[in-house]
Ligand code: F6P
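Here you get one chain, nothing else, as structure tokens; it is the form predicted on its own.
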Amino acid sequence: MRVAMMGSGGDAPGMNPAIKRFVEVAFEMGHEPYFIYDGLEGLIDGKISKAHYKDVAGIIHRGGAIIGSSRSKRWYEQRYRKEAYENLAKEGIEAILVMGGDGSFRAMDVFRKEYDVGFIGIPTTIDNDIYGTDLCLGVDTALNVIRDAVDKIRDTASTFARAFVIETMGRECGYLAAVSAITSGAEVCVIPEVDFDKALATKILRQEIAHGRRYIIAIVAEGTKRTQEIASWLEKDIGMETRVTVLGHIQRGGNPSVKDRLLGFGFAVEALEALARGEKGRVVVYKNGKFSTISLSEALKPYVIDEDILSMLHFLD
């Protein structure tokens, strides 16, 4: 079988380990591996070529994806999806493995319903907002990047007796902010999934300051759009000099953690084994320490943060 791999949407640490393992295992299984460069845009433009061992040598430690990625407005037009299919057909490619998130999987859902193309998804997003999987590729590295940044900021916060508001990525999902707040010991966490009780937080923080608290760490998910509001509250109501740090795209870069390297390997292998089982329109998931697949329709269900995580946050009703 001729099978191709591509990235789609935002990049995430662990993509290169997945790419490397895809090539190695595809050859072991007797397949012909191909790369689709630059995501959906590259698929439309026919940027497809055979993959070789030499292409994946020495990439395991690198962040990003050697095959590139993209988002595509052209994909919404059927004529461009037709061009994409014709490019696959010209190369004789029967199936594609797509590393992406919710938007990428929805794009593939439309594509596979129009054309006879095997599709297996690999959940790849630091937002960790794909239903049915405990972790998406890249999340562990992103959490470690955030941890390192918060630890460094705490040094300055404690030295100058300041409050720091740290904004994390995650789109509309507060997973990164919630887990980071718990594991860094932040005093405040604001995420889309939970109503932030400002009155209760004010009462608690004022009491703690009266008993000697010198600094405050507040972690805010970008999806709340409340970063500046929380900073103003800490400055005016709590009475502590406040600084804002938006971590931004450093959360998507960097060499992948051991966990993400192993996840990349496992996702790629399970995707190829799913194709060998004759599966199409499936997404690989990592649940309770094991890899398996679920239907694409199930993977597109709304994601909800585990209640055990939410219960550990401060200032919750």
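Numbers for residues come from their place in the sequence shown, where the first is 1. Keep in mind it's a predicted model, so treat the numbers as computed, not measured.
The discussion below concerns the form predicted together with the ligand, not included here.
Note on contacts: among K54, K50, K290, H249, the single residue with a heavy atom within 4.5 Å of the ligand in the model of the complex is H249. Residue T125 is the only one of S104, T141, T125, S180 with a heavy atom lying within 4.5 Å of the ligand in the model of the complex. The stretch among 88-96, 209-217, 227-235, 163-171 whose residues place heavy atoms within 4.5 Å of the ligand in the model of the complex is 163-171. A residue is said to contact a partner when one of its heavy atoms sits within 4.5 Å of a partner heavy atom; E222 meets this definition for the ligand in the model of the complex. With a 4.5 Å cutoff on heavy atoms, R71 counts as touching the ligand in the model of the complex. Residues of 131-153 are not found to place any heavy atom within 4.5 Å of the ligand in the model of the complex.
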